[in-house]
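Just the one chain here, the form predicted alone, laid out as structure tokens.
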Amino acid sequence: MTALLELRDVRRSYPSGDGSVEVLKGISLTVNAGEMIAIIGASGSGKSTLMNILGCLDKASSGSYRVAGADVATLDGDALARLRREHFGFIFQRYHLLSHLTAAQNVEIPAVYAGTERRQRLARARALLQQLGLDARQDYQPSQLSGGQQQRVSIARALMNGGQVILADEPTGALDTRSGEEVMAILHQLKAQGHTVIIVTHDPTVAAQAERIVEIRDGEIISNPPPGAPSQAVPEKMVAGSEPGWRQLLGGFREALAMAWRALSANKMRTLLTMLGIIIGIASVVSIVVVGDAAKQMVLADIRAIGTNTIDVYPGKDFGDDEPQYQQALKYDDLLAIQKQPWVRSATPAVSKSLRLRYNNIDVSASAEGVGAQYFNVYGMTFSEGNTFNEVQLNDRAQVAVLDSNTRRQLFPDKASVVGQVILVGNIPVTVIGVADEKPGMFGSSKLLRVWLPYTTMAGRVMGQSWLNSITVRVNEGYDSALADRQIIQLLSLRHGKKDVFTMNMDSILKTAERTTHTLQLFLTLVAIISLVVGGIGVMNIMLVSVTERTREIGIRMAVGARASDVLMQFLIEAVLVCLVGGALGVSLSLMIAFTLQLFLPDWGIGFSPLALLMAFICSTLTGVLFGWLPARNAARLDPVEALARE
């Protein structure tokens, strides 16, 4: 019959300086199922190294080691982890319990990595603790348990997945006499149930309780009685429920998430400080995107208030051109020719001059403009009182006027309605027929007083001129304003025989402003992203420190069956979890900033788009993955033996 454990000429050496130190020197040992043996030797004799090789925590430098006939040397890391998880149970001198978990949660760990369903493993853990007399201590943390109780929790953990082979490293070394006797009694019970118990000790009293004592000195076995007959008893083994692969994967992720959350909760202050950089980075990114978008819309709204999709036509070559030959370039016939173009929604002329306005004893200065009936439509203006002038009034050069709200307040501070009132514009009496709502300009509300008259009245009765100062054209929606601009220049150049006018396209100003605000917003976003990267580096640094601090925990997890990928997933999830929670807090902070700004800047349309929130969480997740990968990889690459030895 094949031996359960079989070592043949096993040697183990470690590098030391330029050479190496040989710890095990040709060890050959056979262990049958159901045996209870003690490996005894002085400190430094190599017994702990031998136990690590027996438990598949370490590998031999040469020789062969077979577990139930399978050569361990042919197994990869995941297969070794599975072997430890399904066949071996470890009982350590220092108990090696995770301080942030309860007794039941510590016992559960091997079954978590075995993919056992939660309720099944919890029931198994509670049953084992009850058998070991810890029914009332299941929800206690290790710090609340005595040494003997902690060792019993360690034994329950070793039995969680079955523990066909129990490897006990100085199981009574840290216990008082009574607790030590209780632990040894439990080991004898396990042997009686069919478990193979291997005790590594330097205490002859403990070794004397074993059926067989193997003595090791200076890396060599000096006493090795023949193995006993294999036991026919089969130890109880936990049978995990069979689930589809995707459910096991989902369950593994869920358990890794739960373990990551417990680990982070155990160090709340450090976790919060780690999140701080992410909180500031995400809050900066979201706030700049949201507030920047509101500011952009505010600027563009101010520009649109001047008149969207409009083109102003002026005489001359450019602004400041006062050549007399160009001053009279725009004629009434030019206005009619432009109005006939199919892409023109409306066109209005302008003749302006600064004049005095008088009503009773009130005398103020105002800008008087002669415009067409479509002027207010071109600029999208509405009326609080009355209406604009009609074609009859234009043709008859009627003495009527439209006031803006500023002028109305100055001339008629106490009147409820001003339509029908007569004022003097210059020296000409005119009747008020409407009040246009105040239109905010690009830099806020205008402080000028303005009055509008029919351009025929302004040119013929007030100024006595037959030409126009400018023409404002509103292009149909959807028509290319740049093309309309060129067509206007071409039309008037053909009519005049030369190019004696120039245009100002409001759409080009709007597009320029959009590009400028977009560039500024992009710049500020990049600055915020830099702060997010700094926060991510902070996460990486803290996680690297965390890996160093939790090296022993990683070793414990590997000893009870965690694969390298399990450790990698846990630490990666911890980093992502830190960044996600930090991202949520950052979004909350940006909401507070936005609401505060809304109180002080009520005119700003600050709002959160779902895209901005989604991008915030994507950024925080990517930050966690990118900056958590290196610490997680370092954790996964740790050697189990070295990790367990770290204090």
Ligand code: ADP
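Just so we're clear, the structure is a prediction, and the values are computed from it rather than from any experiment. In this text, residue numbers run from 1 along the sequence as written.
Below, we refer to the form predicted together with this ligand, which is not included among the displayed structures.
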{"item": "Candidate site Y14, G44 and K47: all three near this ligand in the model of the complex by heavy atom within 4.5 Å", "value": "yes"}
{"item": "Sole residue of V23, A632, V10, L638 within 4.5 Å of this ligand in the model of the complex, by heavy atom", "value": "V23"}
{"item": "Stretch in contact in the model of the complex with this ligand, which is absent here, among 48-56, 587-595, 618-626, 64-72 (heavy atoms within 4.5 Å)", "value": "48-56"}
